[in-house]
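First, one chain by itself in structure tokens, the form predicted on its own.
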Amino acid sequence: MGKMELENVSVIIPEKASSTTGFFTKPRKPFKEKIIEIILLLLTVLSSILIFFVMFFVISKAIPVLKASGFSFVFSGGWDENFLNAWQTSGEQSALKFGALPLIAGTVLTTSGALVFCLTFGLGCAIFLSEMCPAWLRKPLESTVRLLAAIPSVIYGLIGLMIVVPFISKHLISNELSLRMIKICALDGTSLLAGIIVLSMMIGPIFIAMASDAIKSAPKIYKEASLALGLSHWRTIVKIILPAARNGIVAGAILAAGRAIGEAIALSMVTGSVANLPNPAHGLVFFLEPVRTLASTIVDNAEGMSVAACESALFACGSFLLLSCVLLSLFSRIFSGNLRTGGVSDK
């Protein structure tokens, strides 16, 4: 009997232990962790609701102008005349018709031009900082780049207004050219070219910081294996490290593009703030003509918020800026989804 009782005990004890501390038993979370998770969930939901509320508010305010103008809002010009007409004849249906083609074109031209400069020179700076810069110089340069990224945009606008615009006016615009273009637009240095230069100065440090971090985060074993196989340092950077850091580089470019699209103050100071559509048929003078972007229009025409039609038109510009940001975010998601870790395409 004693032996039987011992056997029974030996069987019962493991069953109790397995029921409480078994391998598949989910461990209980501490009470503090549950509270933190609930708080984070609530904050996430509230921030999402706030974002959708902002989008709904902006688009709802823009509907009167978008409904009255239709596709002509995107494919026709005459913003300044439309704004003046809406200011003088508030309440009439004709006051709701606007054409924002020069503003959309100015936004696209300044952003794309700045990105060309930024990606060309910024990627070279990022490669130098992460792979070729001496150790004693790397930290000061990295600190300088991050400091430049944190400078307010109005400072860049002042630099452009005091240095870039006078340089363009003095060295690129002659009296003969000004007289020849006087019937089309005034050439005084505030131009598309000035906007591209200032905007590239603004978004360059952001892209350089993110691209250099992405290059540094590439697995060191890739570089060591490439060098061990006899590839040169430069060929290793181009063929191995940059493809491995592609995700971070693209993310930096998208973030820089988002900053460029939404910039208002600096571009308002150096582009001339004229709703003019540059004509490529003018040759290189195309870059010397004044422009205005969607974001700078909201700042320049803010006094019209007291008039319902003007207010709706400015909200329509804001809705296009929101749409651009959403498209950039979707593009980044799609691009990141098509790449594995390390930047290699799935296809």
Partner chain sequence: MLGHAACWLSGLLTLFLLLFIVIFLVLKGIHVISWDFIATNPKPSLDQNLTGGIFTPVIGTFLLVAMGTLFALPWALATAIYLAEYSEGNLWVGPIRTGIDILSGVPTIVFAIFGLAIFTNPHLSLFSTMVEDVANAKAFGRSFMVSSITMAMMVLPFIIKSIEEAIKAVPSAYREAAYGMGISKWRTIRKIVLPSAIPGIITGVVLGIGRIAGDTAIVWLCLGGSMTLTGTQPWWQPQNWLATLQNTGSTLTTYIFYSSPAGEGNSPDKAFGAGLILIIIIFALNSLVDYWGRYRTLREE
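Just so it is clear, the model here is predicted, and its values are computed rather than measured. Numbering follows the first chain given and starts at 1.
The protein also exists as the form predicted together with its partner chain; that form is not presented, and the subsequent description refers to it.
- Using a 4.5 Å cutoff between non-hydrogen atoms, residue 96 does not count as a contact of its partner chain in the predicted bound form.
- Contact check for residue 278: no non-hydrogen atom falls within 4.5 Å of its partner chain in the predicted bound form.
- With a 4.5 Å cutoff on heavy atoms, residue 314 counts as touching its partner chain in the predicted bound form.
- The closest non-hydrogen atom of residue 63 lies beyond 4.5 Å of its partner chain in the predicted bound form.
- The partner is absent here; in the predicted bound form, the one residue of 256, 208, 114, 100 having a heavy atom within 4.5 Å of its partner chain is 208.
- Between the options 192, 104, 214, 125, the residue in contact with its partner chain in the predicted bound form by a heavy atom within 4.5 angstroms is 125.
- Contacts to its partner chain in the predicted bound form (heavy atom within 4.5 Å) from stretch 147-170: 147, 148, 150, 151, 152, 153, 154, 155, 156, 158, 159, 161, 162, 163.
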